[in-house]
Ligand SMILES: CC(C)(COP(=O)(O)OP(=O)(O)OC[C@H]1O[C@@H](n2cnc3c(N)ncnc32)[C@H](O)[C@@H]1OP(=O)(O)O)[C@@H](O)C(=O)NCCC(=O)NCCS
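One chain follows as structure tokens, the form predicted alone.
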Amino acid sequence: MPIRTMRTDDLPQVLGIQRELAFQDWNEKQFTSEINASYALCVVYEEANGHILGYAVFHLMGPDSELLSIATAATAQRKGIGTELLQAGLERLDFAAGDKMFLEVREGNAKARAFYERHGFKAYGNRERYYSDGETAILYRKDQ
């Protein structure tokens, strides 16, 4: 499987994917902090030629984990890469023991919401005007 741990030398490509999709504004310092955090799982989907097609950042915090960010390059979407990245974090959880994965997503991001719902996430609340542009965040949880 072409998923591996993210390294700091991956950040130019990771930031390029983020800029291309214009959904988040993490900077190199923030990604580096996540890479170095003991509770974080940062992964990339890398082709054999070294080209990174996607990434994901999780906080694995025992029974309550969180997906902070996941993205697939626009040219590589709808090929199962997002699912593989998501599985890289979900497979670290023990749902039978009560582990849960949380995330938030923009209310207007129907594509992402459908993706999460296909993978068993359930909406359970919202945060009004959560994002800097005033958009509401929908809160999701997966517990099985």
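These numbers were taken from a predicted model, which means no experiment stands behind them. For every residue, the number given is its place in the sequence shown, counted from 1.
The same protein also has a form predicted together with the ligand, omitted here; what follows describes it.
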Pick from 105-113, 35-43, 58-66, 87-95: which stretch has a heavy atom within 4.5 Å of the ligand in the model of the complex?
105-113
Would you check whether the ligand, in the model of the complex, lies within 4.5 angstroms of a non-hydrogen atom from each of F23, A71 and T83?
yes
Taking the shortest heavy atom distance, is H51 within 4.5 Å of the ligand in the model of the complex?
no
Looking at the partner-bound form in the model of the complex, is R118 within 4.5 Å of the ligand by any heavy atom?
yes
Even though the partner isn't displayed, in the model of the complex is R78 close enough to the ligand, meaning a heavy atom within 4.5 Å?
yes
